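Have a look below at one chain only, the form predicted on its own, in structure tokens format.
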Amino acid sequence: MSKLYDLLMQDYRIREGLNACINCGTCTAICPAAEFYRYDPRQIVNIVQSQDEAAIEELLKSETIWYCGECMSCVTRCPRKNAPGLIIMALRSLSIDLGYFIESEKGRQQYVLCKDLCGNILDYGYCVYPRNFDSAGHPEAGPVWAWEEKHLDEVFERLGGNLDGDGPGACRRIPQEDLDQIQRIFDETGGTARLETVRKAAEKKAAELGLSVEEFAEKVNTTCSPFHFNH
């Protein structure tokens, strides 16, 4: 297998986002995620530039690369126009391809994101499909959503939506031929293969932990250890 740095350099996001970083730390100073998480984009860029194989592997298996919100505040302030956010994207992609993502608590959340968000896109044409957004699984949505969940059709009708209906309107039913086209896009761009990689890694990890896939998904979706945060 090629060295990890060589694999990273095959990703255009590294070539676009890494332009002779001078390690000034401006990206960390402006980064919203760095305010809350134990996260330092300056250090991540430094590790990538070092080409240290062991350090890059540790990074790919770490929690660190999953803290970035990809807001790109970093590139707006960098004096060299580096984009640590793009570097993070490349690191995340390689981490998934190599199965390293499953070693971290935050990385494992990719399973739920792929299963739910991508599942909704492929099945319904929406990232968030109202009938699948249950209040029990998302207590952060509060009591208002718990009520709306029980009155979805009434709410959409009152708001002028078209939930699961034909024709125009919010949350209208997406024709099957369009969903088939979305599936072909996933197939051609590697999205389907990526989803399969995440699924297999999650199933293997669930078995190692003595959990069913459903139990693993619930654990991943509800666990957030305090060590992630600065305070």
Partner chain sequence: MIYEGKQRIWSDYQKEIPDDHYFYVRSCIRQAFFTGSEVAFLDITRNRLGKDIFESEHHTTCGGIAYHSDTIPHETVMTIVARQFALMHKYGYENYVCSCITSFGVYAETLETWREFPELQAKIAEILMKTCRLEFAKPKYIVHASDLIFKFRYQIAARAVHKLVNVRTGKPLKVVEHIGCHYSKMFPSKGVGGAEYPYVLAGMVEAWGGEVVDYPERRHCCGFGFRQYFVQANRGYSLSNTHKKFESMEPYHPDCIVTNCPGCPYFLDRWQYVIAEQTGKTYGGDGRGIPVLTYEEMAGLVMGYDPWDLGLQTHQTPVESLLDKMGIVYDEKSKYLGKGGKDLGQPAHPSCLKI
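Keep in mind the model is a prediction, meaning the values are calculated, not measured. Residue numbers count along the first chain shown, from 1.
Keep in mind that the form predicted together with the partner chain is not shown, yet the notes after this line are about it.
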Using the partner position in the predicted bound form, report whether Gly161 sits within 4.5 Å of the partner chain, counting heavy atoms only. yes
Any of the heavy atoms of Glu70 lying within 4.5 Å of the partner chain in the predicted bound form? yes
Within 4.5 Å, heavy atoms only: does Glu149 come near the partner chain in the predicted bound form? no
Using a 4.5 Å heavy atom cut-off, state whether Ser50 contacts the partner chain in the predicted bound form. no
Non-hydrogen atom within 4.5 Å of the partner chain in the predicted bound form for each of Gly210, Ser212 and Phe227: no
In the predicted bound form, which of the stretches 25-33, 40-48, 199-207, 54-62 has residues with heavy atoms within 4.5 Å of the partner chain? 25-33
Contact check, 124-163 vs the partner chain in the predicted bound form, heavy atom within 4.5 Å, ordered by sequence, gives Gly125, Tyr126, Cys127, Val128, Pro130, Phe133, Gly137, His138, Pro139, Glu140, Ala141, Gly142, Pro143, Val144, Trp145, Trp147, Glu148, His151, Glu154, Val155, Phe156, Glu157, Arg158, Leu159, Gly160, Gly161
